[in-house]
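First, one chain by itself: the form predicted alone, in structure tokens.
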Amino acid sequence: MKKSCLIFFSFIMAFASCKAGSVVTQSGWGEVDGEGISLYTFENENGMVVAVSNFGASIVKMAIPDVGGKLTDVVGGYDALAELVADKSYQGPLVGRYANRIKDGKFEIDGESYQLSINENTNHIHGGISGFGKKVWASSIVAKNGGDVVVMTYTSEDGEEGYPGKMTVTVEFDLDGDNNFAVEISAVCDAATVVNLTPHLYFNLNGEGSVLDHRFKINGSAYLPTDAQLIPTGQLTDVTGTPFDFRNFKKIGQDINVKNPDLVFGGGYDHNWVIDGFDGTMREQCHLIGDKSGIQMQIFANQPGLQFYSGNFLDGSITGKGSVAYGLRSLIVLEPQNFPDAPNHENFPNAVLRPGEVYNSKIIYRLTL
């Protein structure tokens, strides 16, 4: 067979081996301030189901059949839109303009000082009092790569929550035939600003109960110690010999109660890990395994950090899906992102976006058995 025929045959075989993308259905999910809210539901040939809403660009469902064939929803959240609107614990939305904490809500760009809204102790967190997770996003279904994707956009005006510059954000959600759910976020601005955007998802791969026996691995050899208000001190600390060493699989609960000073402030893990070998390309950040369901999740991202919060402040006061109360460590949060308070630390990755530049964050959640 001629070389050109072999190349063509190889291309056809590679194309045929790729599973088609998923089909998306759109349904009404109520209204917020007179604006219609939609629920977009993805489903692929493997039975994986993901639902997203244009309120807060929120991910409200991520489900896959477990080892027994039971469809298991692995993310926390709510059944009704009204509950999501009233939520104060960031159950599933895209958070920003700057995810995580900024000390005292203050930073400087080019010698000019800015004051953001304060909404946690004396600090700014997850975009402020009414961040991106509380906004109604423009949304549509778009055909792409043999399937459907959902595209959402939001324009944040100059001065919103104290941030400088007008910024337009676009998010694309896509579920492929290999159970990769991708979230790609881009942003542009008309004046220098800071940006850090990520979905704020709570996970339990068993679908219920405690997460302490989940096995977990983080591809990070250093973490960021914090002060009493969970603001990074600026240090990068080696995980070796500490409860923060997740370089090999271990149960989440194995070292969570160790008397380590960096575990005291948050009553457990609520820290950013420094991803090994970060170079701006996609890397596996972590791998989580449900001890009862057999469901596994890998998170890949092009971001330098991963925030891991072990549900330390969940106390049963939040009633979520199926009227279940979310108790202590019934869910964990995993946020691929830039470092918390990066605008105030020269040794942290750059968080400033300037006119003419494009911010890009891509995250893939891969669910398998």
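All residue numbers refer to positions in the sequence shown, first residue = 1. Values in this document were obtained by computation on a predicted structure and should not be read as measured data.
The form predicted together with a small molecule exists for this protein as well; it is not shown, and the discussion that follows is about that form.
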Q) Contact between Asn180 and the small molecule in the model of the complex at 4.5 Å, heavy atoms? A) no
(Q) Within 4.5 Å, heavy atoms only: does Ile125 come near the small molecule in the model of the complex? (A) yes
Q. Hey, in the model of the complex, does Arg101 get a heavy atom within 4.5 angstroms of the small molecule?
A. yes
Q. Is Arg97 one of the residues lying within 4.5 Å of the small molecule in the model of the complex, judged by heavy atom distances?
A. no
Q. The small molecule isn't shown here, but in the model of the complex, which of 47-55, 34-42, 62-70, 307-315 has heavy atoms within 4.5 Å of it?
A. 307-315
Q) Pick from Leu230, Val274, Leu116, Val149: which residue has any heavy atom within 4.5 angstroms of the small molecule in the model of the complex? A) Leu230
Q.
Just to confirm, with a 4.5 Å cut-off on non-hydrogen atoms, which of Tyr78, Trp137, Tyr202, Phe246 contacts the small molecule in the model of the complex?
A. Tyr202
